[in-house]
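Only one chain comes next, encoded as structure tokens, the form predicted alone.
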Amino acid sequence: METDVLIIGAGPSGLTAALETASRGLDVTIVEESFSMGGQFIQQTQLLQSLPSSYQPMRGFELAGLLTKQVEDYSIRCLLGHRVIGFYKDGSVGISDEINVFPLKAKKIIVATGAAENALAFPKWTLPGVMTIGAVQTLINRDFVLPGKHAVILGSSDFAMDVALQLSELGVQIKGIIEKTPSLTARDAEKVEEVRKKGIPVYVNSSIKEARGIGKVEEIDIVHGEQILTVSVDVVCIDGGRSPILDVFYQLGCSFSYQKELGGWIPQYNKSLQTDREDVFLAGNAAGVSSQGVLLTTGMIAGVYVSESLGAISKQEADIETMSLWRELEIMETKLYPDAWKARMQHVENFEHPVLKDQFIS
């Protein structure tokens, strides 16, 4: 099988990259491990306000449905339930549906593999009932299952605020949000205010000392200043942040550098979102963990530059379009995560003007 553009991952950034390339007449193939498109947006019921100007504010699952519909309107080859298992010496990509393996030859590759949640360990954290906030959201919105009746949330990002509010609306008693730093890490003031109005207790400068229970979590000890507070719960939601999924980049031999504000180790890339491999671009959380609007925009930027690299549009057209997209990205990212924007610009600068010859790890 041959294609102009192979996109690895059918999350929001992979889909916007597919739309940008397919709309310019390129042959596009998407490879996605799951059997649906849209990534984590499928589970998100919260209203997404900060999106690129080409999209109206809407809920996550609505946006996933819209992007999927738009992709289906083009002749894009969607290999759902397939995954990349390696690369052949001639550059072909090994694709598997878990039964068969076949090579796929692509002129350009856009890697949009997303991010994975990080765990926060504490004694007895493996008891049933302790789970990540992403897992909680999946249980609620995809499986229509309440994870429990009494919960605490460890961590305080905007995502944690979303989950706390949704659990509360569904009748789950939130017995506390536990944050190790002196203040909540959520940047969306409106969400924080909603949490405050619901009377959810917030414990800053705090941590979980231990969980206890027989066969499942039944109570936890919270270290709060010099106090130890014992709280009865049947759910502990862990918000440990997210890190980019990098397996494919390792296999491709890309180089990396560390940017804490963007989720840790990320591939090196320039302003075209092109890695140090000429045929490999990236998008979404793989380019640094950020907000939903930023993820969409990176997919669009990668799609435009891949189109230009394959001669589907002129360099002048690509530069004009991406200048506008980068401006939108800056506005969206600096609104909530200004440190992430600074780190992203530093990352691009380091790629284009390396200070040290061997500052990158590959």
Partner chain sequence: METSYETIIIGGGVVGSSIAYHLSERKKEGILVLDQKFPLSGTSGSTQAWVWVHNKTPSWYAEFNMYSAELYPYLSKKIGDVEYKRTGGLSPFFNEADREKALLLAEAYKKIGIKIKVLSREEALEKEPSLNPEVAGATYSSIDGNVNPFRLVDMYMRAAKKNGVQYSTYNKVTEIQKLPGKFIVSSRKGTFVCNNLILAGGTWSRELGKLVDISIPVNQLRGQILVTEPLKPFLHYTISGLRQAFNGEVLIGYSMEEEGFNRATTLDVIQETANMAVHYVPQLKKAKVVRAFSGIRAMPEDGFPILGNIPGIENLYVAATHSGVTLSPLIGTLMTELILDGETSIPIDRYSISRFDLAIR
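Residue numbers count along the first chain shown, from 1. Worth saying up front: this structure is predicted, and the values here are computed from it rather than measured.
This protein has a second form, the form predicted in complex with the partner chain, left out of what is shown; the following refers to that one.
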Please name which of the stretches 138-146, 81-89, 287-295, 219-227 has residues with heavy atoms lying within 4.5 Å of the partner chain in the predicted bound form. 81-89
Could you confirm whether residue 240 comes within 4.5 Å of the partner chain in the predicted bound form, counting heavy atoms only? no
Considering non-hydrogen atoms and a 4.5 Å limit, does the partner chain approach residue 94 in the predicted bound form? yes
With the partner left out here, check for me: in the predicted bound form, does some heavy atom of residue 101 sit within 4.5 Å of the partner chain? yes
